[in-house]
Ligand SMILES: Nc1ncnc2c1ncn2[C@@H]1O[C@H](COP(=O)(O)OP(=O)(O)OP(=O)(O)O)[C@@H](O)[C@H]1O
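Only one chain comes next, encoded as structure tokens, the form predicted alone.
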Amino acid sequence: MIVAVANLKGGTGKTTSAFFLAAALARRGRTLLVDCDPQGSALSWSESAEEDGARLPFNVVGLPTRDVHKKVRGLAEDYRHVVLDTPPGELAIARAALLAADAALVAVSPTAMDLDRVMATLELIAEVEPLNDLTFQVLLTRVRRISREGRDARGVMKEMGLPVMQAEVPQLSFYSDAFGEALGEDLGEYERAAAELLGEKVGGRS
């Protein structure tokens, strides 16, 4: 499977989601994480982890180009799973990444601003969808569990007919402080998200 983690808005946890998801998919087969963001955050994360002596369970390459869909095809032949970390604001690169993908995972924080600004991403997916039979799901990220944000956002998106994942990533330092570190055995909600993407049986929320 080739999955693009997407949202044209920044600050929604795309790189964190891509990194954790790649680790979860690597348990199921050889996995490649492609950093499509010119800022190179996923690549920097992997380099920092490896400098500390860690060995990641997946490979990471940087391809922040408008023809990433063409380049990924050759790379994907050697992997069971490929995760594309897409940039905010770079419409052409994001579109190319979606063209390369079988599925899109739209990472969305449950704030009014984020829900409003996700429409541009959904419109882009709708444009690409008929070109490559793209499917998509929405993953709520940075959810404050002591508030009603997550529940309210889930309700709004379901009313819109959007496919919202059962997995829901809470706003915890476990995720936000992981940058630059090798991930351990506990991948939190991303193990659940990987299972959902692959159509596996999903257990209880962590």
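All values reported here derive from a predicted model rather than from experimental measurement. Residue positions are given as counts along the sequence shown, with the first one as 1.
Omitted from view is the form predicted together with the ligand, to which the following refers.
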In the predicted complex, the one of S44, Q166, Q137, Q171 near the ligand [non-hydrogen atom within 4.5 angstroms]
Q171
Within 4.5 Å of the ligand in the predicted complex, do we find a heavy atom from each of Q39, R142 and S176?
yes
Is G11 close enough to touch the ligand in the predicted complex, meaning at least one heavy atom pair within 4.5 Å?
yes
Between 79-118 and the ligand in the predicted complex, list the residues on our side with a heavy atom within 4.5 Å.
P88
